[in-house]
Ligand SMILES: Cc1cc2nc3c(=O)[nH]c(=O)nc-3n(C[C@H](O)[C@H](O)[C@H](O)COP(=O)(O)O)c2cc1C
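Next up is one chain by itself, shown in structure tokens, the form predicted on its own.
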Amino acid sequence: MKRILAIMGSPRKNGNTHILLLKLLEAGKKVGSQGEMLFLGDLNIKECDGCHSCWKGNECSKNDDMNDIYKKIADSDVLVFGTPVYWYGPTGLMKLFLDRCVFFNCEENNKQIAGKSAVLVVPFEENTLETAKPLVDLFEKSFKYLNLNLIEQLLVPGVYKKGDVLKKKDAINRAIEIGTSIV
């Protein structure tokens, strides 16, 4: 059974990012996966201060929720990163999370995630895909650095208000398709 960990980087529950991640997880569950969603806005995640303790194979020196999340990441088969575009990048919540993934930089810790599959789900207000390019580039480079395999992307332009994505049947169907196919 595949274990899917969805990382919800939007601070807005029941918004467009949340809806897409739920559709993906529900579809995966119907075909036999086990899914969990992390709401980054509900967690205490401090900034990385570059102490490099983790680069030596040690536990992160920060006493926050990331120390529990590292185990969840290691135990998952597929990581789904969901964030809207904020100023042509991810939300601050997602950026803090990504910064703390430096934990997986050292060889010992990288073995816990190398080769895992990653999915990127990005709804955003503007109508051109170019808007998401800096964010997508950031994730692609981060995934390469962490030895994660980006297997799917769902970019959904033109959604602003909470629930707008429900009017985009192609995006909803694509989230369902991704949830089914990654299992």
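None of the values given here were measured: they were computed from a predicted structure. Just count from 1 along the sequence shown to find any residue number.
This next part talks about the form predicted in complex with this ligand, which is not shown.
Contact annotation for the candidate site: Asn16, Thr131 and Val159 all lie close to this ligand in the predicted complex (heavy atom within 4.5 Å). Interface membership of Val85, defined by any non-hydrogen atom within 4.5 Å of this ligand in the predicted complex, is confirmed.
In the predicted complex, no heavy atom of Tyr70 sits within 4.5 Å of this ligand. Among heavy atoms of Phe124, some come within 4.5 Å of this ligand in the predicted complex. Arg12 belongs to the set of residues with a heavy atom inside 4.5 Å of this ligand in the predicted complex.
Heavy atoms within 4.5 Å of this ligand in the predicted complex are found in exactly one of 116-124, 147-155, 26-34, 54-62, that being 116-124.
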